[in-house]
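Given as structure tokens, the chain that follows is alone and in the form predicted on its own.
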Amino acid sequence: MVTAQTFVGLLPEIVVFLFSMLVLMIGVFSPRATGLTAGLAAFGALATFVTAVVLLAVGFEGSFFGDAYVVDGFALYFKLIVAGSAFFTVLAASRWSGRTGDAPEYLTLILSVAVGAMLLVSMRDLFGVFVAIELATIPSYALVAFDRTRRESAEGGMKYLLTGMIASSILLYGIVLIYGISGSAELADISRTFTGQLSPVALLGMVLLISGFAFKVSAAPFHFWTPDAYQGAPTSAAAFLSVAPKAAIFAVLLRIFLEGMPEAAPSWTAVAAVLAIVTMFIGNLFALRQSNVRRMLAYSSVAHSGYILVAFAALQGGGVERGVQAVLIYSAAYALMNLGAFFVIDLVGEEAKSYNGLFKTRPGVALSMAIFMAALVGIPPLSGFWGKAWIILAGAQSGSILTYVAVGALVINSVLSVPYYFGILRNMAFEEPVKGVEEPTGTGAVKLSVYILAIATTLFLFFIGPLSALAGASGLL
């Protein structure tokens, strides 16, 4: 039965959906009102964020639609990440989308991805999970291929579409197998099937499920679409897709494992550990070879998916609580530093030589980029350090040899990533500025986003306590 409480629980999704429709309608009737369109989209994302904050602050919780949809602290936390990422992305996208004349359509697609991602983190039914993933993924295909002036955009969009269709098919096949042996798609019912020694069908269903999710989060060897998609997409779209949908998918995967398959932890933690090791090495080794900064960040995002998968490998023994905390902390930390790094690309350019002498010509932007690069490496006390520290602590408490190996691989890969991140710092500090390069006009909103994200990345230490407390109250532990 749908009640008033149901609408309250769905309020963040309702708000962002209504604003996405309003932005689209403004574009239909006033196509030249790009400022109004961008303002409404940004206000809609901010209103969604505030709505989730209020629900979280008052302790709102509820389970709806036959327990298929849940609103709890865990879900609201990831809705904050999605809505916050959408807000900064809309600010950064307003300049480019206004210049192309396609602001209503472009900004509507961003908000549409946010709707699907926020629905996803509340799902407790595997078929609902699949539908929410598709709601988030289908608009993202259009976002990647949106820049009609660049051949790379169409190519990246096509590769993303084809691999996304394959991933969705694999994911759906895994869900159907799990449904077939459990007789239900709800996590509470599935948990009663995934106990003890798994049958071959149950094991195959779980592996296919993980493989489908691995495609979506760019985990190797299912990552091959990522560099072309991120390079072809508009910069703001690449930034958003590297953070918000990925965080939502990791959130629902965490819920599936801990609510639907807790007794099968030895199996799925082993798969997560192997995926993590392969993903970290492939992401970092390929990033070392890149001269294009956007493509380098694409491979970097692959590596960071591997880092988060180490936290999944640690969800056993005494590492469960710390592992959940690690996923929450790292998701927020990565959102701050990766969005900021991509937005700097929008200000400076995607070729490494564009950053030559940036400390001399644009010191504020250069300092922000230095903060983001150091945070992505994991230099204390920046946000990336705390995310990795929590993952290492969770791994140390897991009691699993394979997880210890994955943690060791994380440390090695953090060192391995130093040359390509700090290569940007070297260019900004020690190379001579490129002659004839002028700062683009109309970048005020992008700069504001970069500076806010740089400050939040630097002061992330003060968020650790509330995030850890939230993980403990999430209901997953």
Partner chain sequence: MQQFLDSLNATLPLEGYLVVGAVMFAIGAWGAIIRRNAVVVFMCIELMINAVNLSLVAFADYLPNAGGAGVGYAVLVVAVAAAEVAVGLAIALAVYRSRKTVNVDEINLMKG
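Positions refer to the first chain, counted from 1. Not measured: the values here are computed from a predicted model.
This protein has a second form, the form predicted together with its partner chain, left out of what is shown; the following refers to that one.
The chain is drawn here without its partner chain; in the model of the complex, the stretch among 230 to 238, 87 to 95, 331 to 339, 254 to 262 whose residues come within 4.5 Å of it by any heavy atom is 230 to 238. If you check its partner chain in the model of the complex, you find no heavy atom from any of F19, S30 and R32 within 4.5 Å. Proximity to its partner chain in the model of the complex, taken as a non-hydrogen atom within 4.5 angstroms, holds for one residue of A396, M158, I379, V278, which is M158. The contact with its partner chain in the model of the complex, taken as any heavy atom within 4.5 Å, belongs to I166 out of A389, A352, V271, I166. Taking non-hydrogen atoms only, F127 approaches its partner chain to within 4.5 angstroms in the model of the complex. Among heavy atoms of F385, none comes within 4.5 Å of its partner chain in the model of the complex. For the chain shown alone, L172 is a contact residue for its partner chain in the model of the complex, at least one non-hydrogen atom being within 4.5 angstroms. Using a 4.5 Å cutoff between non-hydrogen atoms, S191 does not count as a contact of its partner chain in the model of the complex. Along 295 to 316, these residues reach a heavy atom to within 4.5 Å of its partner chain in the model of the complex: R295, Y299.
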